[in-house]
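Here you get one chain, nothing else, as C-alpha cells; it is the form predicted alone.
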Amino acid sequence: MAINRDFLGREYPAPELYEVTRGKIREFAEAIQDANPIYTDAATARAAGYTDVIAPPTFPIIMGMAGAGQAIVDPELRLDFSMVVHREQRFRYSRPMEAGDLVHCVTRISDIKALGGNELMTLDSEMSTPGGEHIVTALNTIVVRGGAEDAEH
C-alpha cells in the first residue's frame, strides 16, 4: 500500500525538551568510538572556543528518532516498516550542539515520492532552543521497497 500523500507537511513535535548533558555526549561518542576529546573534556572544548563539550555531528539523530518514530507508527500514514531501508542522513548546522543546551525538536514529513518501484520519504527534524535559536536540522530519508507499485495503480 502506498504512503499516504496527505501526510506531506505533517509535523510531530517532541513531547518535551531534550537536555544535552556531558554524560549523554560522552556515551554517544563512546558508542560511535570517536575519541576526540572535544566531546569529553571541557578544558579541551574551551581551548577550541566552545563554552563546554560539544556533541558529535551525528548526535542529533537521537532527538530526530523520537519524531520519526511517531510518524512511522501512525497507521494512517500506511508505511510498511517491514519494507523500509534507511537511505540517507544529513545535518544542516547553524552552530554546534553543546552540553547544557535545551533542545526543542519538531519532525516534519518534507517529501514523499516514487522512484523506480520504490517510495522515498524524507523527514526533517528541526532542533532549536526554547528561545527559537536554530541549532541543526537533521534530514532523514527512508526507502519503502516496492511501495510505489501500489501508488501507480
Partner chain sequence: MTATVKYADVEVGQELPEQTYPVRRLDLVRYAGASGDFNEIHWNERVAKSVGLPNVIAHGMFTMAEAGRYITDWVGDPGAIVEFGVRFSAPVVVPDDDTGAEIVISGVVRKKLEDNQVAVALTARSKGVKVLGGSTVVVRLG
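Positions refer to the first chain, counted from 1. Since this is a predicted model, take the numbers as computed values, not measurements.
Although not depicted, the form predicted in complex with the partner chain is the subject of the following passage.
Of the residues Ala114, Leu102, Ala48, Ala42, just one reaches the partner chain in the predicted complex with a heavy atom at 4.5 Å or closer; this is Ala48. Annotation: in the predicted complex, residues Asp34, Ile61 and Arg145 each come within 4.5 Å of the partner chain through at least one heavy atom. Residue contact check for Ser110: none of its heavy atoms lie within 4.5 Å of the partner chain in the predicted complex.
With a 4.5 Å cutoff on heavy atoms, Met65 counts as touching the partner chain in the predicted complex. Under a 4.5 angstroms non-hydrogen atom cutoff, the partner chain in the predicted complex lacks Glu98 among its neighbouring residues. Within 4.5 Å of any heavy atom of the partner chain in the predicted complex lies no heavy atom of Gly69. In the predicted complex, His86, Arg87, Glu88, Gln89, Arg90, Phe91, Arg92, Tyr93 are the residues of 78-93 with at least one heavy atom within 4.5 Å of the partner chain, listed from first to last.
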